[in-house]
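As a starting point, one isolated chain is supplied in structure tokens, in the form predicted alone.
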């Protein structure tokens, strides 16, 4: 096959990937990743437009007496898209609630959130800190009244929960990656072949996930 044919085939494959499939992939990655991933604002915007279009189409079908089978098929498509979008957004909110302090202290993690999520994270952190101060911390002895540290002797924020990046995850390669180093010293190397399944530490492959070269399942 010539390079032109390869390019045509790749273009056709990319065109065949629908926004619903992309949203499903983003949902799977978010569900399996221990940390919060980058918010795909363009994809979410297109999904919302598709949902609005489907709702308008169903209203037209109802007004014009379109066959019930056709209506049910469109309704199934709408329900599936709504479920994926809501679940994707809900997963992200759950991670923000769980790791709000950790996310708030990292510019990289904050940059992964949408503007609405950033406001939500800030609001959650302020509310939680105020609640802890009023209900618990104000009643503790001096030196033990920190939200983020166990005591004044702590050298780091040891009360801030963080995602466990060493967690093992199931993943599938989208293309040939070749010999890939899994550790910092080069003692663990694996040959990542297209469409193969692996169980690897998330920390080792997070760069490939972010680059879209490997999917979590």
Partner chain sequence: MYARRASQLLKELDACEPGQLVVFNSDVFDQVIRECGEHNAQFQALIRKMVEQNLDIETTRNEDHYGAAIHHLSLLRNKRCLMAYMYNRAETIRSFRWKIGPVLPHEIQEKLNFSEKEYFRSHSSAIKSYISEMDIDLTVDMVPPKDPYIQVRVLEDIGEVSLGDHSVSLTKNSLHFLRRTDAEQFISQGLMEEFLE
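In this text the structure is predicted, and so the values were computed from the model without any measurement. Positions refer to the first chain, counted from 1.
Although not depicted, the form predicted together with its partner chain is the subject of the following passage.
K.L.:
Can you tell me if residue 105 lies within 4.5 angstroms of its partner chain in the predicted bound form, counting non-hydrogen atoms only?
P.N.:
Outside the cut-off, so no.
K.L.:
Would residue 178 count as touching its partner chain in the predicted bound form under a 4.5 Å heavy atom rule?
P.N.:
No, residue 178 is distant from the partner.
K.L.:
If you check in the predicted bound form, is residue 111 within 4.5 Å of its partner chain, heavy atoms only?
P.N.:
No, residue 111 sits far enough from its partner chain in the predicted bound form that none of its heavy atoms falls within 4.5 Å.
K.L.:
Does any heavy atom of residue 151 come within 4.5 Å of a heavy atom of its partner chain in the predicted bound form?
P.N.:
Yes, residue 151 sits close enough to its partner chain in the predicted bound form that at least one of its heavy atoms falls within 4.5 Å.
K.L.:
Just to make sure I understand: among 110-144, which residues lie within 4.5 Å of its partner chain in the predicted bound form, judging by heavy atoms?
P.N.:
Sequence-ordered list: 116, 117, 119, 120, 123, 124, 127, 128, 130, 131, 132, 134, 135, 136, 137, 139, 140, 141, 144.
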